[in-house]
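Only one chain is included here, represented as structure tokens and corresponding to the form predicted alone.
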Amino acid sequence: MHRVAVTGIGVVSALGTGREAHYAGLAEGRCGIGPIELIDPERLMIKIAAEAKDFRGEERFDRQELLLFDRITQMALVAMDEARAQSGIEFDEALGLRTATIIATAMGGLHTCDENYRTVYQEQKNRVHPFIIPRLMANAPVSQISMKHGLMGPAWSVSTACASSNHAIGQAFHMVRSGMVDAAVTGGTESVLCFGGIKAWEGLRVMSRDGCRPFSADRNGMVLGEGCAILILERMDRAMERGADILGEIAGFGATADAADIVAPAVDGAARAMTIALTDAGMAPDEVGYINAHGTATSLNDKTEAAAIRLALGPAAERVMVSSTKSMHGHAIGAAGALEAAAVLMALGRGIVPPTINHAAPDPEIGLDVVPNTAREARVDAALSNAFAFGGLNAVLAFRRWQG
């Protein structure tokens, strides 16, 4: 069994394009949520979102590429280039054959779907562009990354709603740890910020009209976001041998199903996923210094997650720092866990624990240290990242700080 290093990360989020922009936003406690600009919001009830406003595909890809790449693929290719550059990894033919590509998206190329439904049903056109299927298919980001970088090992996409990224990263971690592959490109990419996507989420009645306030007594729902984060994972011995800058270590992964309700979370299922991740990592509850919470800012989710943290960590839950970075970059659905993995790596590597912003008043049913409003400087040696999805699917990653 091999230890697994993270040697590169690339990010596109509402806090900015690029890893450093994302980190700066997290450290500053900056809110990336604002009025919707990607589409005309006139017929929307919810008129705010966390858009990646400085990401413009037309500035990064030529006309032929734009015909082939949905927004999620564009973001994934840009984030991958940044992750590979930071890692310094060279995908020659030998390593390309031994590298997995596992990237999440819950909804696939939803912008392409939305635009072409309008073409067919509203505009009554009988033909669409021949690249529509290659644009909208969920595996498009995986396939485009594998082709561009010569990655010929196992490759697939993962779609498990809001737990998609953590499932993808967890699968990649286990493949590297077991020796099935030597490296992996993993993470998640998502944009549901099209008219049909937002309308569908409005129907669930879990959306806030005025902001994302996880764990705060006045929270009233989630805010959609978009973005992508790509991680480069390698066998630790290989990364050390080539002198890579190691950003952190993935040490464990836990996944469970509630088998209870299609939308309501369950305390036991979430707690079991955390416990399995800790066991997989050989990590005691009192080692955990930080938890990046799922923290959607719905009344039920936040209360359930707090109870699950207490069940999994026991007395250690009273001391652990817990924050929801969705308060800043929104809920990026299938990409959420990947953006939050970046926040965990910042806490481990830079000693900056991102805050839960917009926290107006404590909720006595939460009662945890939610790092309210302001980032905190603290040494964090071990951390968990939680993701709990509709359908009762739970996925938790355990990380350790690299100590040389």
Partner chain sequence: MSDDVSAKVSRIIAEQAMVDAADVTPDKTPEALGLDSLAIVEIVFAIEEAFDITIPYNANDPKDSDFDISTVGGVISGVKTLLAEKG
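Residue numbers count along the first chain shown, from 1. Being a predicted model, the structure only gives us computed values, none of them experimental.
Beyond what is shown, the protein has a form predicted together with its partner chain; the following relates to that form.
Checking 205-213, 117-125, 140-148, 67-75 against its partner chain in the model of the complex, the stretch whose residues place heavy atoms within 4.5 Å of it is 205-213. Residue contact with its partner chain in the model of the complex: Val263 places a heavy atom within 4.5 Å of it. Taking the partner from the other structure, its partner chain in the model of the complex has a heavy atom within 4.5 Å of a heavy atom of Asn220. The shortest heavy atom separation between Ala308 and its partner chain in the model of the complex exceeds 4.5 Å. Among heavy atoms of Ser299, some come within 4.5 Å of its partner chain in the model of the complex. Of all the residues from 39-74, the single one having a non-hydrogen atom no more than 4.5 Å from its partner chain in the model of the complex is Met45.
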